[in-house]
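Coming up is one lone chain in structure tokens, specifically the form predicted on its own.
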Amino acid sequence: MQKVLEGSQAIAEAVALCRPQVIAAYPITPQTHIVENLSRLVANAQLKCEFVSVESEFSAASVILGAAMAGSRSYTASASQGILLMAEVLYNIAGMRVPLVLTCANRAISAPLSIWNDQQDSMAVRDAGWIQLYCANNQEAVDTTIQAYRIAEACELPVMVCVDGFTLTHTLEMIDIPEARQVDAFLPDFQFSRQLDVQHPHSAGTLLSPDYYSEARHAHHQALLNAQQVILESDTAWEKIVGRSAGKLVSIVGNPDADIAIIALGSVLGTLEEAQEIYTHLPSRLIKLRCFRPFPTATICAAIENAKHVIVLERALSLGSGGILGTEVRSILHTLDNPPIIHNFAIGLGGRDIPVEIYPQLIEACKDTHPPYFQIFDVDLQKLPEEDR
């Protein structure tokens, strides 16, 4: 059904369609509207669910961990400092291989205080062992949320659905909300092979000696790598039902043979797609990275094959090192016969606007055959040709 909805409201409706049994909620901008909308659905008897208002994000993560271990499909959402407060429990959830879904409404990390969007929060926990899927628009956020439950429960791994705060969460768009029968056909009832059972008692997350710890971490790592196939299969199955893909692992927009490739995560991809339509005389292949964890090495290598320049855009950075996504991309270049020149830029930090006019300047930057390893990039409207200002 086509509806004009705020992104947060659309995500809440998508969560409700997945029939969660427990929702843990703690407010933090810009995530609050998601759980507010879910609480309204529960209060109006449109969603039969245990809605738990907790005292912190740490508690929210703990509640859904316990609920899933007891056999309930569960959900929470957070952002920024809230994700950091959850960090201990996020590692526990992943290490215990508990199938959960969490929405991260991406927001900058303090200090200095910023309530606006970048992706430093989800990037800070990128190695916690969660699958991380990034959404370019609110339609993808709806479809990815629904797919996330199927992926999590098939892989027995938690899934973090990352949506840019304010840019997506607070933006009104025309969105196709699936029908309940479509979601029911796609998503089976919750099943977790290691849920707690009083008839067959067992422990989870207990002490593991050095004799076996490495094997446990390797098994978790391999499970994440194997999840790539499940992510692809889930998107294909959903596409058959609703007629659209949410982006697979990676998708390409523009000329797939262009010498310049741009790779990015999140809502900036919408800006770049628009820029491609405006600046048709500046061709590029836009590589839309949806799946950041597991990192789809082979798929990215295929997407950048034969490119002469690859622009890697970040909405976060590793302080004292440089680009996070850029480092990941550089780490796989040895698999290519003719590796491209990498141009690694951070843009839009702390919610700074990213106008379409950034596109020609990014293309212009590719004239530098010995670029800096990493730099923070900002559009300079004064340097644009007059016709592009």
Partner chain sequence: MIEIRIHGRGGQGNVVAANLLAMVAFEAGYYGQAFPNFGAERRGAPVTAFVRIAKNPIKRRSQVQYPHYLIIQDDALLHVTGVTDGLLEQGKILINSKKEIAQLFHSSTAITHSASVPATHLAQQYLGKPLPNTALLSAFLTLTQLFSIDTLIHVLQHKFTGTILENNTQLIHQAAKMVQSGQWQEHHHAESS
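In this text, all values refer to a predicted model and were calculated from it rather than measured experimentally. Residue numbers count along the first chain shown, from 1.
As for the form predicted together with the partner chain, it is not shown, yet the points below apply to it.
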Residues 85, 127 and 290 all lining the partner chain in the predicted complex, heavy atom within 4.5 Å
no
Counting only non-hydrogen atoms, which stretch in 263 to 271, 117 to 125, 87 to 95, 291 to 299 is within 4.5 Å of the partner chain in the predicted complex?
263 to 271
Using a 4.5 angstroms cut-off on non-hydrogen atoms, would residue 208 count as touching the partner chain in the predicted complex?
no
Going by a heavy atom distance of 4.5 Å, is residue 173 a contact of the partner chain in the predicted complex?
yes
Examine residue 189 and determine whether its closest non-hydrogen atom to the partner chain in the predicted complex is within 4.5 angstroms.
no
The partner chain contact at residue 353 in the predicted complex, heavy atom, 4.5 Å
yes
Which residue, 80, 147, 167, 103, has a heavy atom that falls within 4.5 Å of the partner chain in the predicted complex?
167
Considering the partner chain in the predicted complex, which of 234, 228, 284, 137 comes within 4.5 Å of it through any heavy atom?
137
Going through 24 to 57, which residues have a heavy atom within 4.5 Å of the partner chain in the predicted complex? Please give them in sequence order.
29
